[in-house]
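Next up is one chain by itself, shown in structure tokens, the form predicted alone.
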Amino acid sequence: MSSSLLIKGAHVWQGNGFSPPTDLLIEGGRIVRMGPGLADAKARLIAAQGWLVLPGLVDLHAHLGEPGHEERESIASGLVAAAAGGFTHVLVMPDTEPPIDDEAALEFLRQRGSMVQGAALHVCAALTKGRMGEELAELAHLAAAGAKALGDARSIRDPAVMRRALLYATMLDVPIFSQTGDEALAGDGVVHEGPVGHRLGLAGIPPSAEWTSLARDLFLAEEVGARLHVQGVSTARSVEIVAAAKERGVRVSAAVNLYNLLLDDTSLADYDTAKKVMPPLRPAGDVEALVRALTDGVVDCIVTDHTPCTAEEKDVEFDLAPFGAAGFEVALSALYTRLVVPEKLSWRTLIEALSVRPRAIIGLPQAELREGAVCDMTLFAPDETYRVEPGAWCSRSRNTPLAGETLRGRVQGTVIGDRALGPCFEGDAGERRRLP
């Protein structure tokens, strides 16, 4: 970026609320001055009146295709897409081909990520070899090589294997990521088992598939004293199970996926395969319970579970389509439009769920918006409205159930150290650059 930037007139998050209009002078990747009425003739001016400056967003659950499925998403396109959505850090899952289950594979991802002008990449390495759930990977070596978390991005069937992993992890300074959903109970189901699925003629996944795997892993973590992060909490009963574990002192954090907060299972009436996600969309009562759980702190963070798929993969019958939806580039706008504007969530809760708590879970430093701090921020224009046009995305994939919808609030850019990314730094506020 330019040697210095002057962001004028923005409202800066101060922990409990936003500041009055404030200027930020940035030099060498740091905030060197903050306050009203700043001037610097040498700095590049960014007119940010009415914009919000947020601590950089962190996504703890994203899938990228590389290696193995670059046609869905490359590391480059994925990290650029994440930055376009306001994320400054992304934790990628190990479900690639081959899986990220050894130091060489981990180093490949880290090296590829370091070459991209996008969000910073962090890795959740596989818990078991080949993600087969049978033999533990070299967990100590993976942790020493820089893995921020360990997990297979799928439920581990054998409780003895999971217990050994949790016991081993007590000696390591990384959390175990547990994916909810017993695959045997889920069977061939494609939607939540309930009246909507029955009416649509779609095979159901019983919610007990989530509860049983969740409860098992929590009891195991409690027994051995391990630190556990639960991915994919999507029902009211799951919220109760996590809350009870926290009350008992279990070292657990929990995440809810973006679309499980935004949509309920009645939206499946159009059989749109972009809405085929895992965990499946739940009834409205579950969605309401998840929103309350974020406010109460039972559920710690929101993740995109960005799962890119090609148009050919999704353009099939609902039963045959893969699970997953892309979420990087709509997450913040959608959450703001559907939850913050109608006052279902406060800005404070949203920032804690998208920045503060995710950083604590994987050991990233908190993003501080103060003089002298290293830049790690997201610029957001809350009054701008736009129509979701996936064809203009930086991501290679288009599989979002929000295509064509009008959202309020738009990311204008991110500043990560000395990298300023986004349309507000490119001279055209409407420009959205997409990688080939």
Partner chain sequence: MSLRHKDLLGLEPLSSEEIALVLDTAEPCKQIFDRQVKKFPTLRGKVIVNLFYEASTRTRTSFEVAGKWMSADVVNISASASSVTKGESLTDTAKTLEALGADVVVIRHRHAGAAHLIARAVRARVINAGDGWHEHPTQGLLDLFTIREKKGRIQGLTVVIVGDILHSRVARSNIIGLTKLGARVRVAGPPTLMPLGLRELGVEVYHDLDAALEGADVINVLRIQRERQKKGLFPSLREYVRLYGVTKERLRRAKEDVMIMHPGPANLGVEIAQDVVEDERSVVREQVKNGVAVRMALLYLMSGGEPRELQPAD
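Positions refer to the first chain, counted from 1. Fair warning: this is a prediction, and the values are worked out from it, not measured in the lab.
Although not depicted, the form predicted together with its partner chain is the subject of the following passage.
Could you tell me if G225 has a non-hydrogen atom within 4.5 Å of its partner chain in the predicted bound form?
G225: no contact with its partner chain in the predicted bound form.
Heavy atoms within 4.5 Å of its partner chain in the predicted bound form: does V277 have any?
Answer no; every heavy atom of V277 is more than 4.5 Å from its partner chain in the predicted bound form.
Against its partner chain in the predicted bound form, would G285 count as a contact residue? Criterion: heavy atoms within 4.5 Å.
Looking in the predicted bound form, residue contacts with its partner chain do not include G285, since no heavy atom lies within 4.5 Å.
Within a 4.5 Å heavy atom cut-off, is A203 in contact with its partner chain in the predicted bound form?
A203: contacts its partner chain in the predicted bound form.
Look at the stretches 351-359, 269-277, 93-101, 174-182 and give the one with heavy atoms within 4.5 Å of its partner chain in the predicted bound form.
Looking at the other structure, the answer is 269-277.
Heavy atom within 4.5 Å of its partner chain in the predicted bound form - residue from G363, P195, G297, P159:
For this set of options, the contacting one is P195.
Counting non-hydrogen atoms within 4.5 angstroms of its partner chain in the predicted bound form, say which of L320, V341, A144, A244 makes the cut.
Going through each option in turn, the one that passes is L320.
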